[in-house]
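One chain comes next, on its own, written out as structure tokens in the form predicted alone.
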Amino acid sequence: MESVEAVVAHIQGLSGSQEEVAHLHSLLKQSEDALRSQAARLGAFLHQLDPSVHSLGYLFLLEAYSSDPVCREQDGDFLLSILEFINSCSAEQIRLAPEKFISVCKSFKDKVMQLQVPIQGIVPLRTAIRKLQASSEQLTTLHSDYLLLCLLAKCYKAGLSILDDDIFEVDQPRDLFLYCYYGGMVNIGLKRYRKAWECLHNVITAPMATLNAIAVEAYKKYILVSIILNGQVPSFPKYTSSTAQRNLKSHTQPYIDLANCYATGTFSELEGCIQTNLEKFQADSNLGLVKQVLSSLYKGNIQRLTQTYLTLSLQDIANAAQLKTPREAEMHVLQMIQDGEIFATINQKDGMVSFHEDPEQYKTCGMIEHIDSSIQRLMALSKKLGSLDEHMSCDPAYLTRIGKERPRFDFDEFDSVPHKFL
């Protein structure tokens, strides 16, 4: 067993070429137990290394150091060490030991959460993700940790920096479940309900052999967001796992009841359902979304009026939408106009509302650029999917699995003559 001093000497002497770093990696793996046994002493040795030059060695020492409980007096130095390392480390070196880097970053995340300063972990963790990724298409374990910090700090817009990436590479299913679940919550915080629906949809339709708690919680929010967005909950797509289709509804009955009450369009019935299940909604931390469902009932009633009438008084809107006063109706109409949900003008003099068609003519420069970028993105996605399909069709494990599931002979593939003529 080598001393810590000897390990540090190896790190200082073998951090140059790729061959040296590879040799150092094997030496460090042999010294893991020795480093962990002296974790309390390692803080002092970190100052002898340059994290930008000795990244791999620094990582092994820092990971072993973070495995030992850190006393409150050392919290500041501990966080500063990890922060400096994340900012200056070599991406090529830390990717040789990704599990160590992830462990250090998770220790950092746990510590800022323990100190109740999640906002201090957002930028460092985003930097860590970019250094860990081989490409922006790769989903890492740190993605969900980053989104969790964004949620706790209520910095929802910061989460978009990774949510806007197109993900094609996933190592662990749990990473995908958490990434999409937290991504849905971030988009809910930004009131981007369409994007939130897409994220939550990915959770409940992802392949799963057994039901998991993340999918159950995601389905609860999926029901609420579906109602807010479309006024109804769609049925499961065909590609949803049989496990999800059989079990999700039985674990979310209060939310199913809420959707059924919403479908009646009766405010009093919906409010009664909410009061009946109030404690459940609060326990699930979904009461805010439930209130949005209640508000969306009014909006849905008003939107239906735009399909029938060209002009309507605020009093008539209040009556039809089950609002108490014309003033409430006016506030809802103004908010819907501001959100782009309806197109209308209000005549304050006589209290009349005029409904209009969508003024968008789809011929402005901004709209043309938007359409062009969407086409380019779809073309890139099609090309990527074609490449993935080609790669999968040549994968030995996939071909073996398909070969076992297919019948030994399929005569239809070889016989071009219809059987009825034989």
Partner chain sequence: MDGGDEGVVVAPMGDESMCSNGGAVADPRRPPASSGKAAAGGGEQMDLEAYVALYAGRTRVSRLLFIAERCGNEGMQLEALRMAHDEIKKREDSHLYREVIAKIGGRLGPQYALDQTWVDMVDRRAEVRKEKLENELNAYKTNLIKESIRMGYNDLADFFYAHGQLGDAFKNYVRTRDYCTSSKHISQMCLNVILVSIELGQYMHVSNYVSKAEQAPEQLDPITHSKLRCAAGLAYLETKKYKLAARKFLETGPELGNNYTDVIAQQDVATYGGLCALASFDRTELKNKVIDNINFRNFLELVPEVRELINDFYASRYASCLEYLENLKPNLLLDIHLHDHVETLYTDIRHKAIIQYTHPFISVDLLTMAGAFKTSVAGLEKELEALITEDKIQARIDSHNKILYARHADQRNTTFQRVLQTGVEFERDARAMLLRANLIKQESILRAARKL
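Positions refer to the first chain, counted from 1. Rigid core (definition): largest C-alpha set, two forms, superposition within 1.5 Å. In this text the structure is predicted, and so the values were computed from the model without any measurement.
Although not depicted, the form predicted together with its partner chain is the subject of the following passage.
Only one of L178, I102, L312, A244 lies close to its partner chain in the predicted complex, with a heavy atom inside 4.5 Å, and it is L312.
For the residues S90, T306, T252, Q133, the 4.5 Å heavy atom test against its partner chain in the predicted complex is passed only by T306. Contact with its partner chain in the predicted complex, defined as any heavy atom within 4.5 Å, is confined among 288-296, 333-341, 163-171, 275-283 to 163-171.
Its partner chain is not drawn, but in the predicted complex it has no heavy atom within 4.5 Å of R36. Contact between D257 and its partner chain in the predicted complex is not found at the 4.5 Å heavy atom cutoff.
Proximity of Q30 to its partner chain in the predicted complex falls outside the 4.5 Å heavy atom cutoff. The closest heavy atom approach of A153 to its partner chain in the predicted complex falls outside 4.5 Å.
Heavy atoms closer than or equal to 4.5 Å to its partner chain in the predicted complex belong, across 326-363, to the residues D350, M352, F355, H356, E357, D358, E360, Q361, Y362, K363, ordered by sequence position.
After superposing the rigid core, the Cα of P359 is displaced by less than 2 Å between this form and the one not shown. Annotation for A397: C-alpha shift of 2 angstroms or more between this form and the one not shown, rigid core superposed.
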